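First comes one chain, alone, set out as structure tokens in the form predicted on its own.
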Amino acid sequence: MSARPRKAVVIGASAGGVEALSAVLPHLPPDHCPVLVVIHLPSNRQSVLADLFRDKCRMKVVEAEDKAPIDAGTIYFAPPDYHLMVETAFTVALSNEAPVWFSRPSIDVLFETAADAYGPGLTGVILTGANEDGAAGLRAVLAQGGRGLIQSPETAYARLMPETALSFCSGATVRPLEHLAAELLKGAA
């Protein structure tokens, strides 16, 4: 059995998130550390995010499955109506516990569990969105010694999520959307 990656990236987005992710994920190389993504989705529809990004990205793209190992070179999208969590054994866990910030999947839930598993090896990224989900989770990433990146509100389709993250996380790096992929590549070394 191979060792699980000790570095990972978690990304949270909501309104305008598909466009924002399209400006970041295709730039990541096929051997990049694992990337776990929560984008707020309607609970009553099937997600096409993995299919949409599979053709755009050099990394492998999947919808996360419960108990699957988290491997480098793979982007994991949270399925609709499930919280995406990271277990300390570096495996995926899916939960249907109560929504957080009216959302399931919740960005905070992913970031907090990934911070516990990866500690200083984790980078959290907050993109565009119209609610406050993700701010507490990014603060948890920073508290565990991880790195925080926030899309500059001026470049966001919806400013509230990055603005709230900024108010919670003064130690995070703020970059325009078009510079976030380069920031992620800096932290991959």
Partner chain sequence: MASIKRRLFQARDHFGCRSISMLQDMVLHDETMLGALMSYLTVQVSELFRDPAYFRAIREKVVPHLKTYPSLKVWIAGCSTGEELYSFAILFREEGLEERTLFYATDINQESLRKAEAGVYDLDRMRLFTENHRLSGGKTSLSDYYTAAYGAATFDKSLRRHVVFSDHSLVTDAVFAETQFVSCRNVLIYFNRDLQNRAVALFADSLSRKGFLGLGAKETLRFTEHHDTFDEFAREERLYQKREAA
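Residue numbers count along the first chain shown, from 1. It should be emphasised that the depicted structure is a prediction, and the values quoted were computed from it without experimental measurement.
Omitted from view is the form predicted together with the partner chain, to which the following refers.
Residues placing heavy atoms within 4.5 Å of the partner chain in the predicted bound form fall in a single listed stretch, namely 57-65, out of 57-65, 127-135, 156-164, 31-39. Within 4.5 Å of the partner chain in the predicted bound form, a heavy atom is found for not a single one of Leu142, Gly145 and Phe168. In the predicted bound form, no heavy atom of Ile75 sits within 4.5 Å of the partner chain. Among heavy atoms of Pro69, some come within 4.5 Å of the partner chain in the predicted bound form. Looking at Ser152, you'd find every heavy atom of it more than 4.5 angstroms from the partner chain in the predicted bound form. Of the residues in 87-125, those that come within 4.5 Å of the partner chain in the predicted bound form through at least one heavy atom are, in sequence order, Glu87, Thr91, Leu94, Ser95, Asn96, Glu97, Val100, Arg104, Val109, Glu112, Thr113, Asp116.
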